[in-house]
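Subsequent text provides structure tokens for two forms of one protein chain, presented individually as structure 1 and structure 2.
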Structure 1
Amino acid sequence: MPKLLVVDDDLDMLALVRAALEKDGHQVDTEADTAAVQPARCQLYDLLLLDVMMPGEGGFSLCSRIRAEVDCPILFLTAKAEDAALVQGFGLGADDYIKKPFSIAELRARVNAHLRLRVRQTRALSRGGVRFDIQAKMAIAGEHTLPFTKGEYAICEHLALHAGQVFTKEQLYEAVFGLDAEGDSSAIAEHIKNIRAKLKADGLSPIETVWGVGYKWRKDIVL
């Protein structure tokens, strides 16, 4: 469950925003005191919503103070409609800028869009000529489905989902089968061999081996 922090001096606004975002099943913390918003605390959250106009430290100052140490999306919430302020906000490393008055629907849509950036695409994805149907746990190349076993599919999906990233055999084993990687890494090598053989039947070879490290799904740059 994503955790969000909303910072605003207006308590009514805090309540409103919290109610809106809890409808999407998020855990929402609120804070009216900017002094209580420290980098270490922010690292606990998946997204920050900051009001721009606050007594004491404003949202812009707050953002620039914590941005360097906080990796999550930061969204501004503001009545300032001027372009200059908006540009300034983005310049500080903000990820979105929602103008008041905003609709609840827009707020929820924007917040969810930024959260989804992290866990993009859970339905279907297509990489390197292979289409994955995550729900059906099927991999399709061209017209027919690839005859992967359950384990083979899981390895494939994990590699394709994180295309470009290298995984050691141990990491793969743990990510796919959940257990400790004590189960020998040569098992993964065996799976990789079988996967490659089945992909090769369709003229595909998206799995590269990074010597001394592990395997990765080729990040395709197609013309």
Structure 2
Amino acid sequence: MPKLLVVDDDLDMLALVRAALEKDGHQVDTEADTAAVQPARCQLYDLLLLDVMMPGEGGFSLCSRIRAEVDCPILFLTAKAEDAALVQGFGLGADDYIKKPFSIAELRARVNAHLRLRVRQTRALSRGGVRFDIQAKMAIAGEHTLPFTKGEYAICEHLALHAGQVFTKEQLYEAVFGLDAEGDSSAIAEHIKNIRAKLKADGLSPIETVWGVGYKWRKDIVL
């Protein structure tokens, strides 16, 4: 289930957008306070929707602040249709604009188009000596499939898709198992231990521990 974050100071707009996108089966979180939108949080999402005009920190500033650490699509909601504003937004790393006022059909179509593109772009991935078949949910080293459990594969895929980014145990647990899953984030350490043992059999060690913080997939090893 794709996870989306919508940032807008207009609570009515947040409710409207959330209701529209949840109809397509997306998990939609909303935020009216840009101070609560930090890069580590944004890394948990598959797409971000940012309002351009907000008091304090606007969408352009927010995009500039988080873009270097966030690789998912970022779409702007904006009433500013001038060419200069559009160019500025794209220069900051935006992927698309949805101009206000917009129809619900347009909103859903644009969001789903970007999500489909993201899936196509990440259907296959090779990092750290491991090849991921995203569609089949398989991890391959050399000529054989790695014997990961469903949870172990999900952890590896999430880390590899965001190579170089550090995730805490809590963030990994939420991203892989969801907020409603039974258990707790302490299980992540045991999963990582098992994953490393299986990778070690093939002479691979792409997962690094960032002491006091969490784990990351080494970005410098890309096939």
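Each form is matched to the other, and the largest set of C-alpha atoms that superpose within 1.5 Å is called the rigid core. Computed from a prediction, not measured in an experiment: that's the story for all the values here. Throughout, residue numbering runs from 1 along the sequence of structure 1.
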Task: Which of the two shown structures is the form predicted on its own - done: 2
Open item on the list: Using a rigid core superposition, assess whether Gly93 undergoes a CA shift of 2 Å or more between the two structures.
Closed with: no
- [ ] Superpose on the rigid core, then tell me if the C-alpha of Arg131 is displaced by 2 angstroms or more between the two structures.
- [x] yes
Task: After fitting the core, Asp10 CA displacement of 2 Å or more between the two structures - done: no
Open item on the list: Give the rigid core superposed Cα shift of Arg196 between the two structures, in Å, rounded to one decimal.
Closed with: 32.6
